[in-house]
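First, one chain by itself in structure tokens, the form predicted on its own.
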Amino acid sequence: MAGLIKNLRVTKTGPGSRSLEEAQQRATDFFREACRALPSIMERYNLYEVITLSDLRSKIASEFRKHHHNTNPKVIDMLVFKGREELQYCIDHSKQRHHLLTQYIVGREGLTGDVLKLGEAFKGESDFLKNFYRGNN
């Protein structure tokens, strides 16, 4: 796992993709890298109490599907670069836990939309809270 994190230390720009197929392959490779980094990110930010690994993978996949319609290799390369930058911020712990919760777990619309959506991500209480509540009765 440390090797993966070490390999992601430098965000590479490199030459742009020459074709749509090459850009799509770079996006697929980045998606795989992001999915491999998710377990360490979930542990680092203590996200297991709010979301499962498979649900977080699905959220990341939906972000990729949102931009699937792009056919310009330069746009795809730019999105991959920004995604790598975002992943690097998460790995370097440059973001705080609430940033990840609002961006990827609750969703951007959860804060401005229905207030109940905000509570849906926090349905499950941790064992600590259950014991705490039980001890105060």
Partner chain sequence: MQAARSSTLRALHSAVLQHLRVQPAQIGSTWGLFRAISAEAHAQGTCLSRSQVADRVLSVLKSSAKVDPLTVSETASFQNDLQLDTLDQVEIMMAIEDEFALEIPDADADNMKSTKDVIEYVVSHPRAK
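Numbering follows the first chain given and starts at 1. Small disclaimer: the values here were computed from a predicted structure and weren't measured.
The protein also exists as the form predicted together with the partner chain; that form is not presented, and the subsequent description refers to it.
When the partner chain is considered in the predicted bound form, only one residue from Lys82, Lys74, His93, His68 comes within 4.5 Å through any heavy atom, namely His68. Note on the partner interface in the predicted bound form: the residue among Met42, Met78, Ile105, Ala61 having a heavy atom within 4.5 angstroms of the partner chain is Ala61. The partner chain is not drawn, but in the predicted bound form it has no heavy atom within 4.5 Å of Asn46. Using a 4.5 Å cutoff between non-hydrogen atoms, Arg32 counts as a contact of the partner chain in the predicted bound form. The partner chain in the predicted bound form comes within 4.5 Å of a heavy atom belonging to Thr28. Put simply, Arg97 is far from the partner chain in the predicted bound form: not one heavy atom of it is within 4.5 Å.
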